[in-house]
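Just the one chain here, the form predicted alone, laid out as structure tokens.
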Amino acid sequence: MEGTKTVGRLEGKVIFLTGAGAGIAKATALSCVREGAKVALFELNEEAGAGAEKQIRAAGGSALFVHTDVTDDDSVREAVAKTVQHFGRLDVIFNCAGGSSQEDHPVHEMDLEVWHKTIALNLLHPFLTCRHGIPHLIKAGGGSIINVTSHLGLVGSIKPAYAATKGGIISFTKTLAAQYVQYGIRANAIAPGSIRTERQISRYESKDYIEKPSTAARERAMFQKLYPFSKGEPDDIASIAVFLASDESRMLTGTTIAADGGRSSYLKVYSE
């Protein structure tokens, strides 16, 4: 109808996103504001966080950068408080900060510090954001929690610390769904495959990596031939996140969406 204003799928919702200075979380923040949401960007890197805030505001969105160490309880508590103070409410938690280490060696060879750091970043972090964010979702009358895991959390990995944390997120998500359903809160996870974030591009698309392929590089190329839908862009995951944040996904809770092109679902055998 002429003159009718289009209402975004997330109109009026307030969302905080961890690791929002780059990659999947930044793309998701941009997608969310296009759908009418207001976003708080939790980011440790001040330059990246401030840059993302500026970009979103320049595009006409409402954004707040909050310098946050997601592995520190006090820092997360303060970040959530600043978000609610600034926007007046909280409706969606998007936990995306995380990563793996090149020192994530076999269990009997791993430095204990690597294990603890990986656990803190990938698993303690969503616990802390939920610990301080859920009371505000309850106050708002419900909401959505979205945790980013990995396809390696579904099948295991040669990186034991990373796989353990990502598998733990899946179980943690199911537990959140069970514990908070009576408050109108849904909890779901997204398990991406290979996503072309800034970090992935610098690691896997460098000149040296391409011109002098290692065994790992050849294996990676083989997997992409076997599973052609397993390689995506941050916006691909952002689209799923917007769906899970919106009321369109009201029947989904406790589930993990494997956005990995089938890598965790079926086995393909390579042949020349």
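All residue numbers refer to positions in the sequence shown, first residue = 1. Please read all numbers here as calculations on a predicted model, not as lab measurements.
One more form of this protein, predicted together with a small molecule, exists but is not displayed; see below.
- In the predicted bound form, none of the heavy atoms of N188 sits within 4.5 Å of a heavy atom of the small molecule.
- In the predicted bound form, the small molecule stays beyond 4.5 Å of every heavy atom belonging to A164.
- Interface residue remark: L121 is counted as part of the site for the small molecule in the predicted bound form, having a heavy atom within 4.5 Å.
- Not displayed here, the small molecule is approached by G23 to within 4.5 Å at the level of heavy atoms in the predicted bound form.
- Of the listed positions (A63, L30, V70, L244), a single one reaches within 4.5 angstroms of the small molecule by any non-hydrogen atom in the predicted bound form, namely V70.
- Site annotation in the predicted bound form: the residue of A79, C96, I145, L128 reaching within 4.5 Å of the small molecule with a heavy atom is C96.
- Listed stretches are 149-157, 134-142, 103-111, 85-93; the contact stretch with the small molecule in the predicted bound form is 149-157, by a heavy atom cutoff of 4.5 Å.
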